[in-house]
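Below you will find one chain, with nothing else, as structure tokens; this is the form predicted on its own, and questions on how it binds or moves follow later.
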Amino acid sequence: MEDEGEPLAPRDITGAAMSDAPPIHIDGLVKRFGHTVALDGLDLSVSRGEVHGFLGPNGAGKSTTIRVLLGLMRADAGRVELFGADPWRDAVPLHRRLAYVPGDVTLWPGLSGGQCIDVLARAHGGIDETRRDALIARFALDPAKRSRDYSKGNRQKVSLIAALAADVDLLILDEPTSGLDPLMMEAFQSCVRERQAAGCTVLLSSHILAEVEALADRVSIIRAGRTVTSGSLADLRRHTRTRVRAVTERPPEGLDRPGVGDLAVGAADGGRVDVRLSADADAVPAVVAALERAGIHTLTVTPPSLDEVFLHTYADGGAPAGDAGDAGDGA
């Protein structure tokens, strides 16, 4: 990597050579703060047009990673690219292609909400005025009110509106719904789906796992500055158990098999049999077949939630190491 004092020559990052580069590619990212290793060989790849969930407990390294992606910190080692370019070297032109929403928004107290949106939008490199006005109505924001008089939730709305209205290729969202009520969270999810449908890529870091589960095409989970697992939710669910509950006409046979646990068989109304169990993903078809042979009256198959996947990932990993770069922001 270059020395800190080496002059950085400007480069064109908008040409055809960059058109096929993934929006985010990180390979072996290392970041240290003194003797503390915040990121220890982290890998992350985000494909064009996807919503990618970026998960980990406090101190895992999420916010430090995002700061490196934004060009606010320089990596100590590893490869970090946005659209094939270096976010440290090419921060200014790259910021015209992305919008960022932090979890704790600070605005200019003397400006109105509408003025703050316009200032933020100019930093993003442009704004769709029609979409801006629609988003203000959608998020029920009073744009004439001074930002000093806004609640935390309304400050968050200002940042979200500016980002979602921007004509950018990449949204980096770090706890974006902090302070929003459930109705506004639902509006946020709808807006993210619309931006994705328009071709925008989204990196979503959130402690609200149900939100990530509703939006993400793929998920990366990090611990102690390293990526421990990455894939679609369906892929990650294969490593945890599915809950099955059925009411059958008679006691099922063939359920005492590898991959099946927590099996409980009891009486149900009408002389039927109540069956509850958990099963590995590979065992589910055989379980359903056994229940069908017993005469299924009702059947409920509940795949593991993202919360369960997340907890399973950490079950044997111990506590994550501290992340000095995340100190104070809870990420």
Partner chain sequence: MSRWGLDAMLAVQLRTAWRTIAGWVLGIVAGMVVTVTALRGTYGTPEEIAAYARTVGTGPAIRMLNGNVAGIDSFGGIVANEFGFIASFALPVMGIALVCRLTRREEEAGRLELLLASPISRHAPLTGALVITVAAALATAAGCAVVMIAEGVAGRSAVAYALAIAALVIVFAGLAAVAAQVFEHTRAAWGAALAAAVAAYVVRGVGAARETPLVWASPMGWFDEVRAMGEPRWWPLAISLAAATALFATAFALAARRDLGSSMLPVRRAPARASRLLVRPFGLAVHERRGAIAGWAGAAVVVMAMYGLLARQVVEALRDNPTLRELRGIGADVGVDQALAMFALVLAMVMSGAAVQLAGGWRRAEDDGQVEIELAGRGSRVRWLGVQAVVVAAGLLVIGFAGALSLGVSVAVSMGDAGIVARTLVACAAYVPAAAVMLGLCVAAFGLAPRLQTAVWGLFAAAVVVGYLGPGIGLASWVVRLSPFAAVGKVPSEPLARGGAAALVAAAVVLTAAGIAGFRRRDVPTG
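What you are looking at is a predicted structure, and each value in this text was computed from that prediction instead of being measured. Positions refer to the first chain, counted from 1.
A second form of this protein, the form predicted in complex with the partner chain, is not displayed here; the remarks below concern that form.
Even though the partner isn't displayed, in the predicted bound form is Lys31 close enough to the partner chain, meaning a heavy atom within 4.5 Å?
Flag for Lys31 set to yes.
Answer with yes or no whether Tyr100 is in contact with the partner chain in the predicted bound form, where contact means some heavy atom within 4.5 Å.
Yes - in the predicted bound form, heavy atoms of Tyr100 and the partner chain come within 4.5 Å of each other.
is_contact(Gln115, the partner chain) in the predicted bound form, heavy atom dist at most 4.5 Å:
Yes, Gln115 is a contact residue.
Is Arg243 close enough to the partner chain in the predicted bound form to count, meaning some heavy atom within 4.5 Å?
It does not: once the partner chain is placed as it appears in the predicted bound form, Arg243 has no heavy atom within 4.5 Å of it.
Check for me whether the partner chain, as it appears in the predicted bound form, comes within 4.5 angstroms of all of Leu141, Thr177 and Ala197 - heavy atoms only.
Negative, none of the three is within 4.5 Å.
Only one of Arg193, Lys152, Arg250, Arg148 has a non-hydrogen atom within 4.5 angstroms of the partner chain in the predicted bound form; which is it?
None of the other options qualify; the answer is Arg148.
Only one of His124, Arg226, His207, Arg132 comes within 4.5 Å of the partner chain in the predicted bound form by heavy atoms, so just point that one out.
Checking each option against the partner chain in the predicted bound form, the one that comes within 4.5 Å is His124.
Out of 209-217, 230-238, 87-95, 250-258, where are the residues with a heavy atom within 4.5 Å of the partner chain in the predicted bound form?
Among the candidates, contact is made by 87-95.
Who in 67-82 is close to the partner chain in the predicted bound form, meaning a heavy atom within 4.5 Å?
Heavy-atom contacts within 4.5 Å come from Arg67, Leu70, Gly71, Leu72, Met73, Arg74.
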